[in-house]
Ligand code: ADQ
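Shown next as structure tokens: one chain only, the form predicted on its own.
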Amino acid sequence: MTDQFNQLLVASNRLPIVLKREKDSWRMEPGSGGLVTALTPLMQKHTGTWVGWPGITDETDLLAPMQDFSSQQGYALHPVHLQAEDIQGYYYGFSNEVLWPLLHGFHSKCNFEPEYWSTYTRVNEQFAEELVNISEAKDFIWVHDYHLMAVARGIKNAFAERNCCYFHHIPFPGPDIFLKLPWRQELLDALLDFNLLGFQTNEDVINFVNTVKSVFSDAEDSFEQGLFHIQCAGRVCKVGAFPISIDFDFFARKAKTPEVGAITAKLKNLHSEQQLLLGVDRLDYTKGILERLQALRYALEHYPDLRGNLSLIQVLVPSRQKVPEYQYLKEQIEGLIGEINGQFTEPGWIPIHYLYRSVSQEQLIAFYITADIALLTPLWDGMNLVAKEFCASNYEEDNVLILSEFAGAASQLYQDALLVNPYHVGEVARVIRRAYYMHKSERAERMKRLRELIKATDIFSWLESYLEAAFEGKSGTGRQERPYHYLSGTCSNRT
């Protein structure tokens, strides 16, 4: 299928690089992550180009470091230069004060500032112009995530014929939430200019299709070979579910390295008397961290047998540190941690160990291995790759995954993860206790099946599935089997 296009152009808000200042110049290092890992071989084969904002607003000449990057990595970078006011309106404004809360169901947190929308569309047109200028008709343009939902409209306005597809990394809500967006018709219309729209789950797909049909009276849909085909205003847009994943083999190998082993041994020695819960999250109101802490307090209050025997390691990665709402959330989290530790701490035992910082990859994998139970309870999450990384790293297969039913990963992992409603602190507490007492044989059976599933549907399988849909018109590994009843809004797999 990859023989059906020449060059691959990937567009995302940020380039897959880390810029580091060295005196009067910049040094460029490749970014990490499964998406970069999966796309690199394909981009090398097709002389690929990654288009995005480099992360700085000055007009520094990045030609030399980008040429060095290209020679080392085998694909090119193309910067989209944005000014400070662009970043403020397009990124901090419309992307993070409108789309992020709206698409996660927190519409009350939205700031529907009209200027944000105009800046967002202007920056999307700028991305589209750059893509048109460096591409030809037989190239394949793949746009990623909510920052760039109007790029295909910009390409269309430039009267350029391009095969342009889109993948949405975060949730997509139903009409009852999305229709609160003042620019709902304009944004949906722009999305339908893409040839293929990929979402994380079947639930997201159903939400999108229903939203389109609620806004456009002439929209019709059909379902063929695992994909919806939406006809609207003379266009046909394919829509499907393609749950993104991780490089399973990388985490499985990394977990067995001496560097990770040394950190793991130290952690296990320090916590040899307790079972460990682990939470790993970016600081964000969608992650359900306050609810998680309340559930732990409930568990310690109602199940005294857990006191002294169970501790939580909460890794909180800093995010949007200059935004007042995030500063306040951090204060709330730290205040609640202080209350719980003050209420329950005993000599030799602390209920919660709190780390507010980024950790190295080796440290993170060591935490995955050391933890007896992962407690991942987002209020709504596109996928939650931490859940998959946790399973891939646990080659000894003696751990338990507790996962929010509102994480996209639940649509794949529901059979062997313990699913919980993160809003129900009593239920989460009960499941924590169940995981604590789970027999080793059940832990091993569940984790073995989880790891086999994640390995079979890794990041490379995701890539193949998406490309197959883009060029052959059928869904591959994107199909899911979660027993979710869309009409009732309930999940039949209760723990």
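Fair warning: this is a prediction, and the values are worked out from it, not measured in the lab. We number the residues from 1 along the sequence you see.
The protein also exists as the form predicted in complex with adenosine-5'-diphosphate-glucose; that form is not presented, and the subsequent description refers to it.
The stretch among 186-194, 375-383, 295-303, 91-99 whose residues place heavy atoms within 4.5 Å of adenosine-5'-diphosphate-glucose in the predicted complex is 375-383.
For Val280, a non-hydrogen atom is located within 4.5 Å of adenosine-5'-diphosphate-glucose in the predicted complex, even though that partner is not displayed. Though the partner is left out of this view, Arg357 does reach within 4.5 Å of adenosine-5'-diphosphate-glucose in the predicted complex, counting heavy atoms only. Contact annotation: His169 falls within 4.5 Å of adenosine-5'-diphosphate-glucose in the predicted complex, judged by heavy atom distances. By the criterion of a heavy atom within 4.5 Å, Ile134 is excluded from the residues contacting adenosine-5'-diphosphate-glucose in the predicted complex. A heavy atom within 4.5 Å of adenosine-5'-diphosphate-glucose in the predicted complex is found for one listed residue only; from Cys165, Leu364, Ile313, Ile337, this is Leu364. Proximity to adenosine-5'-diphosphate-glucose in the predicted complex, defined as a heavy atom within 4.5 Å, holds among Ile333, Ala219, Leu77, Ile244 only for Ile244.
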